[in-house]
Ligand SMILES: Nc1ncnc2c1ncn2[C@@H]1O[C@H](COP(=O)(O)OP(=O)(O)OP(=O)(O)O)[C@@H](O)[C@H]1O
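Shown below, as structure tokens, is a lone chain in the form predicted alone; questions about how it binds or moves come after it.
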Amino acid sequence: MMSSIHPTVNLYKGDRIQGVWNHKQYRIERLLGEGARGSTYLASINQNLVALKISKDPAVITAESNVLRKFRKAQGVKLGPSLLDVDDGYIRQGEKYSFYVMEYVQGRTLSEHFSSIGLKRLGQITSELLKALHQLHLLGFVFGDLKPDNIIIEQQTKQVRLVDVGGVTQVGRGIREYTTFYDRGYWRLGSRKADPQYDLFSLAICMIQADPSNRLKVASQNRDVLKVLAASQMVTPFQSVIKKALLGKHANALAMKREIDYATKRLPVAAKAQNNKSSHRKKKGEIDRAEVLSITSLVGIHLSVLYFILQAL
């Protein structure tokens, strides 16, 4: 249930927040993002950069920091940013707010990668995301607000990371926070009840968005995302997997991952086969031209012999 408190806290570069309980001081550098549940800022402490989420609703800070704590239980993947600090703090004229501090994941969002992403890389990124989502679902949670802006490719490691846990919802409950185009309820293909298939639907939309030829916003007038998928030529090798995700036909994230991995592995083989086919056509063409030249030369010889015979007569 959403709080009636408007959560946005306006901070400015140079503002400082002093923790009441842990006594750590953070300097605000810039705004990273705002949502329905609060504001996230880039902050610094001891020359280290961190992400600081602050809200006028303390329940938001409690809920999200608890989610990040639970993320630590995931095996083999980093589900979200590491939680570093949770506290209350005073800013400016004695205003007190709850906040938590987490790891600042440096990199570019998936939406920023769309202009240069290739089909194989898209498959790899999707596979990594499905592995992370599977672990999250095993913990009994759905990410909820899964979209390209909440998916970051780390600058150094190139690993795929999920950020902004504001939409993370316990399985069985109503999705806490979502974005229209990535919400299956908006496309009339399911409810907003938190289940693993909700995340898989959102991920399918992310894949469709990677195709620069699609017109998702225009198509949303009719809310027929299956037509958009059919027209998205870039993701043709993944279309059957994506369609199953849109229709909620995958048993779980791991099942979808297997199909994505299989389709991705086939990409280089298909390309090689195409190259071999082209090479075969080229060689065949070369043989045909050689045969024509040979026949032409033979005809020329016979004509020359015939000419000399006629001259002798």
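What you see is a predicted model, and the numbers here were worked out from it, not measured in a lab. Residue indices: 1-based, along the sequence shown.
FYI, the form predicted together with the ligand isn't displayed, but the following is about it.
- Listed stretches are 159 to 167, 227 to 235, 199 to 207, 127 to 135; the contact stretch with the ligand in the predicted bound form is 159 to 167, by a heavy atom cutoff of 4.5 Å.
- The closest heavy atom approach of residue 78 to the ligand in the predicted bound form falls outside 4.5 Å.
- At the 4.5 Å threshold, heavy atoms of residue 67 stay clear of the ligand in the predicted bound form, well away from it.
- In the predicted bound form, the ligand sits beyond 4.5 Å of every heavy atom of residue 97.
- In the predicted bound form, the ligand sits within 4.5 Å of a heavy atom of residue 51.
- No residue of the trio 8, 15 and 85 has any heavy atom within 4.5 Å of the ligand in the predicted bound form.
- Only one of 63, 255, 45, 32 lies close to the ligand in the predicted bound form, with a heavy atom inside 4.5 Å, and it is 32.
- Contacts of stretch 233 to 264 with the ligand in the predicted bound form, defined by any heavy atom lying within 4.5 Å, are made by none of its residues.
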